[in-house]
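Heads up, the chain below is alone and in the form predicted on its own; it's given as structure tokens.
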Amino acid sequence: MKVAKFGGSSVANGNQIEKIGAIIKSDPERKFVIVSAPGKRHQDDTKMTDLLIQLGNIAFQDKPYMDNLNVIMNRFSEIVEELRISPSILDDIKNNIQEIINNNESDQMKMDALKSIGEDSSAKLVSEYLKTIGLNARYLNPKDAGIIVSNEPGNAQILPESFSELYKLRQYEEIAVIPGFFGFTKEGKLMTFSRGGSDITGSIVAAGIKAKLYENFTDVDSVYTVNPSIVSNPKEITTLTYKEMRELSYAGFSVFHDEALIPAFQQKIPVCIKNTNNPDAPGTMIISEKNKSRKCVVGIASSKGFSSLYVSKYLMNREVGFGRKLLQILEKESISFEHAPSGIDEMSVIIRNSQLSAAKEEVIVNRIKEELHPDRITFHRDLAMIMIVGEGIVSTLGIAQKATTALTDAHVNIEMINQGSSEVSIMFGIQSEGLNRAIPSLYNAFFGS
């Protein structure tokens, strides 16, 4: 059995859903279909989830919301017309939306339920269409599927008992079409996952039914060695390991959120990234292990939006608990850190800018001065992180030298290096303005002819 997950671009309109039908019909092993909410039909379009959030923000303030609701319903109506399926499904969608708006739950709970309408409606539309082309398909609500989650709105975690419930789905004769992005608590309350929620659902279902393969259909033929918006026509990656994919996702590759595939990884289920618009392309396979090759670097990921908190104190290394106290100050301010390279008398903590308001920065600096008495404390803004990824990278001679030479050739100064903390990556911190020079130079060094 295979699990096939289709992203927002794959359900954006009727034409795309027809492609899903052809893909499912072409392989009888594709017994489980997971779908996202309708994505953008064109560059200037709005994703369905964003439309639902806009609706909630207005409706929950008791403001007139019918114009927003009509925009959403017109979008679904277009898909129904394009697929030539029964319009009765539209009444079901509209009633669900209005029931959520009018119920007595908290605004947070109602927003979670409202956001789930996109995926839920996609699943109903896709299942109805599959029936019209002669497939034995059915819509399956996550509650009936056995997706049991923790009581954490917007950040639900799958509970272990879900997997035995999901395994029972192997007995189904029909093709099960399951909405991504949400599950239900033991008490029956709807909860959504975090970013990449539909990918999380697909991974959970694949793990639960012990799938032969988890196929993740998107709008690209494969994962590329670097960001195509920085380097034109980069080479494709044919095979990745789980560790490599997680490092690349964390460092900026947008194919997956870095935690989305963990359930599939834990069960060692192979994952294939494929293109809905070109399903015959081989895609990128993600597996647990692969044969080591002399050319171990598989990809170069990058992302902006970081700051470095630099703290210096003479004889810091002899002061027991200094690092713990520093990180506790960040913890008290609800700030997580990404990396923490250190020296004898100094320590840096890399933080995402999204967590660091000006007010929090001032509080952190004052607390460090009062509690740790450093000789020097500074914040370095506008940092970008570059991750060079590949199994065996730590034990392969010359990787760091090749990378630093490439950055020097691009006239990019290295603010920070983190090597050795990961077996499959080397990380460089640079000023953001140098990123578009650094990446092409690194690409030529590792992948150029």
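Position 1 is the first residue in the sequence shown; the rest follow in order. Everything numeric here is computed off the predicted structure, so don't read it as measured data. Basically, rigid core = biggest C-alpha set you can superpose within 1.5 Å across the two forms.
Only in words, not in the display: the form predicted in complex with a further copy of the same chain, which the text now covers.
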For a further copy of the same chain in the predicted complex, the stretch among 204-212, 83-91, 277-285, 311-319 with residues bearing a heavy atom within 4.5 Å is 311-319
Assert contact residue (a further copy of the same chain, in the predicted complex, non-hydrogen atom within 4.5 Å, options 265, 224, 76, 139) equals 265
Partner-free chain; cross-checking a further copy of the same chain in the predicted complex, the single residue of 250, 306, 129, 163 with a heavy atom within 4.5 Å is 250
Does each of 339, 408 and 418 have at least one heavy atom within 4.5 Å of a further copy of the same chain in the predicted complex?
-> yes
Residue 115 within 4.5 Å of a further copy of the same chain in the predicted complex, heavy atoms: no
Margin query: Even though the partner isn't displayed, in the predicted complex is residue 346 close enough to a further copy of the same chain, meaning a heavy atom within 4.5 Å?
Written below: yes
So in the predicted complex, does residue 110 come within 4.5 Å of a further copy of the same chain, heavy atom to heavy atom? no
So in the predicted complex, is a further copy of the same chain close enough to residue 124 to count as touching (4.5 Å, heavy atoms)? no
Applying a 4.5 angstroms cut-off on non-hydrogen atoms, the residues of 392-411 near a further copy of the same chain in the predicted complex are 394, 395, 396, 397, 398, 400, 401, 404, 405, 408, 411
- Message: Quick check on residue 380: with the core superposed, does its CA move 2 angstroms or more between the shown form and the other one?
- Response: yes
Note to self: Superposing on the rigid core, is the Cα displacement of residue 265 between the shown form and the other one 2 Å or more?
What the structure shows: no
Quiz prompt | Per-residue C-alpha change between the shown form and the other one, residue 38, threshold 2 Å, rigid core fit | solution = no
